[in-house]
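We begin with a single chain expressed as structure tokens, specifically the form predicted on its own.
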Amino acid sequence: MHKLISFAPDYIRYIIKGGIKFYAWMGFLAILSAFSLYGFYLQNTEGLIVTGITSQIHDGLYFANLVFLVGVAAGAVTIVFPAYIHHHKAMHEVTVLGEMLAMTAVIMVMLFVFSHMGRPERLWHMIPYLGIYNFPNSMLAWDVLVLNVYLLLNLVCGFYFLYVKYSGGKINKNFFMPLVYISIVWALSIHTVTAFLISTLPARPMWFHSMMPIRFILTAFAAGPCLIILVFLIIRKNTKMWIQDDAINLLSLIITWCLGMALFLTMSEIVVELYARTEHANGLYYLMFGLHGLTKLVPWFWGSLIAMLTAFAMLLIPGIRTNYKLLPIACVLGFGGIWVEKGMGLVVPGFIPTPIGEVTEYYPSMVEVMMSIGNWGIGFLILTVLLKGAIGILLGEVKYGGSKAEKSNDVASGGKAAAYEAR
């Protein structure tokens, strides 16, 4: 029991220690987080009139980020699956870092849900038995359920693993492994249900097709690993922890396959919808070429497509895929391209034209941009805290009974030497 009680204080003490670079980064994220608070204040004093959301287009930048981040959360399974199903050694060493990313992404999803609500005090209706949860009839209720269970699974698996490492014990596989297997399946469920949330609306032809869940899963398994690779490369450069090349190379290969298949499905949709264009293709036509002189989203679509095609072309070349100076460029292009394709390039054109034929445009207001930047700032703040604590435990710098400075210095030196040996 004493080990369990000392775990949190030791974890927190390690997190708050750092150099100038660490405190500057955390201060920068804190400033960004303040944007979200100010935007939330404006929305709740003046109403959603301060946003670009209208009666015709009631889901905008917030919902676009929500849909994308669900995919990022699901993308963490690209680490867990190879580690525990295929026993990939390099992946197994960093599995807990992927779980930290999954937790952060789900928390960010909830932040964007909260931002999108005009009446946040009604959020209690999402609590079963207390509010009007409307389960199982509401697809939104299903989405809330799978996201919260996925957060809980990653929370239990991640911190149980870290606690065992901290206390020097052994993993109870009878308890731990079933949760891992459930989390793998559940990762697929969260983005599938999110896809069902919009693809089950017959009045929105842009979304109303059975290919939507498949596209969601493929883009999730491309965007998630893109962010994970970027995080891993930052960790290798700024901490004593050395993440093996095999782990990064496998993730880049997963991105290549999934991004390629996602692009194929996008091209297929374009051919099917526009070959014999009907009124049901107007949403896609507006996205690609504009409609009735309205073209605000056209640059978003073509920019996204060019970014994804460029990333895919780069990743197809093994020399670039294993070059850790060029690989981040491909990951940024892929991540940004999918963000637009899954967000602004999917959510907004689904409302144009409306079911009664109205054609109106949406563009995010400065308040929406501020809140979105702020929510991302809060997300990276949480991710930094979770990753820093996890890395400390994995390196042995945070352990039960190991708080003396001499022990920490010895472990740190040993971890650094092991890192350079791995190189």
Partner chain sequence: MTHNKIPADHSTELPSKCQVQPEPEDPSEVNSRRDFLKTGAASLLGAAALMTQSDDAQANIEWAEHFQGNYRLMTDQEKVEARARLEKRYSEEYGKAVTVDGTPAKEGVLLGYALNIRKCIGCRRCVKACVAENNQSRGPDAGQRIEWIQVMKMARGEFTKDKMADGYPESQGIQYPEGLGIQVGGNAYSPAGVVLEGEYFYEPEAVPEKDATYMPLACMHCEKPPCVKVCPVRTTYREPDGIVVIDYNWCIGCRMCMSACPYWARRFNVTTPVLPKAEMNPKTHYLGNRPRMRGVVEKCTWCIQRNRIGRYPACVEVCPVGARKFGNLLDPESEVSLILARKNVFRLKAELNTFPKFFYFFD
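Numbering follows the first chain given and starts at 1. Because the structure is a prediction, the values reported are computed rather than measured.
The following text describes the form predicted together with its partner chain, which does not appear among the structures shown.
For its partner chain in the model of the complex, the listed stretch (317 to 325, 145 to 153, 203 to 211, 253 to 261) containing residues with heavy atoms inside 4.5 Å is 203 to 211. Site residues Q43, H58 and E121 are all in contact with its partner chain in the model of the complex, judged by any heavy atom within 4.5 Å. Interface residue among M117, V332, A90, V180, judged by heavy atoms within 4.5 Å of its partner chain in the model of the complex: M117. Proximity to its partner chain in the model of the complex, defined as a heavy atom within 4.5 Å, holds among N238, S138, S268, T295 only for S138. In the model of the complex, its partner chain lies farther than 4.5 Å from every heavy atom of A83. Interface residue remark: I132 is counted as part of the site for its partner chain in the model of the complex, having a heavy atom within 4.5 Å. Proximity of F351 to its partner chain in the model of the complex falls within the 4.5 Å heavy atom cutoff. Contact check for L309: every heavy atom lies farther than 4.5 Å from its partner chain in the model of the complex. The partner is not shown here, and in the model of the complex the stretch 75 to 98 never reaches within 4.5 angstroms of its partner chain through any heavy atom.
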